[in-house]
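The chain below stands alone and is given in structure tokens; this is the form predicted on its own.
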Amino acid sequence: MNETPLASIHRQLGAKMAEFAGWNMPILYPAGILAEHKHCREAAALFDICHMGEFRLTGPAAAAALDRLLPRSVSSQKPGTCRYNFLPDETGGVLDDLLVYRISPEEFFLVVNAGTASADAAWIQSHLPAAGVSFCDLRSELGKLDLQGPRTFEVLADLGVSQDAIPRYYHWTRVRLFDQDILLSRTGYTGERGVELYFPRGRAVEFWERLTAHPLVKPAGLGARDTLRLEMGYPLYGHELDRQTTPVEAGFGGMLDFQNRDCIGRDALLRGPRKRLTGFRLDGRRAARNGMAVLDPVTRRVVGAVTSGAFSPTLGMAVAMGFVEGAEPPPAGTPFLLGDAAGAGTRLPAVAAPIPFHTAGTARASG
């Protein structure tokens, strides 16, 4: 497996390590997922995200090339902003979800998922024009840490980055941290006020140690990252998003603008959704899991499948996401059963629920 520059640090901290997207990553530290989750919701947690992929596209044809590749146009995106976007195939299925940073009129920075990064690079390059745009893979050069939690700005202020220097939500800027010029974006995967930090990969250990030395900061692993994102209804590639699912079916049709321009997958996206991402609330702590069937409680007919599920530490109950057949999501309160399709295993009562499950996150808060 691949390892981030921080793998030895995680082991020294007693982290439980496991494979994720081809990388040996920390799942949890000795305090446990519940404690890490709670600390992120209340103070500031630090996540090692050095496994993610980063690309740079530059040139006078870069914006047009990305508009051909992506269902959410970048031409209207202003320098200094970040946008959530998708990389679809010709059938409208999602090859990956990604963040697009507009650095300047002719420069873009793309952040993609670790498990799909190599395939993404090949796909993007194969669809670029012969001239007017260049592609650079930055994975070997950049390190990435996510500092997330309502007290993130306090931590940064103590480290010399004033709140006035922090950009608005889904914007980025350049700041100086630990005598290094870095890219800082007001983004994250937890629903809390936070930033993502990009810096030279060779300084990852130093950045980690200096950030976790702050009394408000504790490390958090991928286990807490998963429960945090699930409470917010954020998709995970390979679960809520894949090549059998379109961005529209996953609930993101409202942010796309593919209708009046030529982009990959346009015709398939125009045909409309066959299924809809749905949130579920369950009674008690027992969670549904990826792959469980979603059944009509009266007819016992399979009407969908669970994609993610866990106990929500914030809400004190189990929640899940999954797809239910049909062009529209079921109304909130609609009953379902989640479990074994054949009836041999446990079936958990659930009701359709609005996403996000947790609505008190501080991600958009400025103060």
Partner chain sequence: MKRYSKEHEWVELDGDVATMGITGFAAAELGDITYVEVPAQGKAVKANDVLCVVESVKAASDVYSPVSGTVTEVNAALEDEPGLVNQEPEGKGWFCKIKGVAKAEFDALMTAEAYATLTAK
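Source: prediction; values computed, not measured. Numbering follows the first chain given and starts at 1.
Form predicted together with the partner chain: not shown, discussed below.
Practice task
May I ask you to state whether A287 is within 4.5 Å of the partner chain in the predicted complex, using heavy atom distances?
Solution key: Answer yes; at least one heavy atom of A287 falls within 4.5 Å of the partner chain in the predicted complex.
Exercise for the section: Using a 4.5 Å heavy atom cut-off, state whether F55 contacts the partner chain in the predicted complex. Expected result: Although the partner chain is absent here, F55 would stay clear of it in the predicted complex, with no heavy atoms inside 4.5 Å.
Problem - Proximity of L315 to the partner chain in the predicted complex, heavy atoms at 4.5 Å - result: L315: no contact with the partner chain in the predicted complex.
Exercise for the section: Indicate whether L34 is a 4.5 Å heavy atom neighbour of the partner chain in the predicted complex. Expected result: Yes, L34 is a contact residue.
Exercise for the section: Using a 4.5 Å heavy atom cut-off, indicate which stretch of 305 to 313, 66 to 74, 327 to 335, 39 to 47 touches the partner chain in the predicted complex. Expected result: Within 4.5 Å of the partner lies stretch 305 to 313.
Handout entry: Among the candidates T227, T245, T116, T187, the residue which, in the predicted complex, approaches the partner chain to within 4.5 Å (heavy atoms)
Key = In short, T227.
Practice task
For the heavy atom contacts within 4.5 Å of the partner chain in the predicted complex, list the residues of 233 to 265 involved, in sequence order.
Solution key: Heavy-atom contacts within 4.5 Å come from no residue here.
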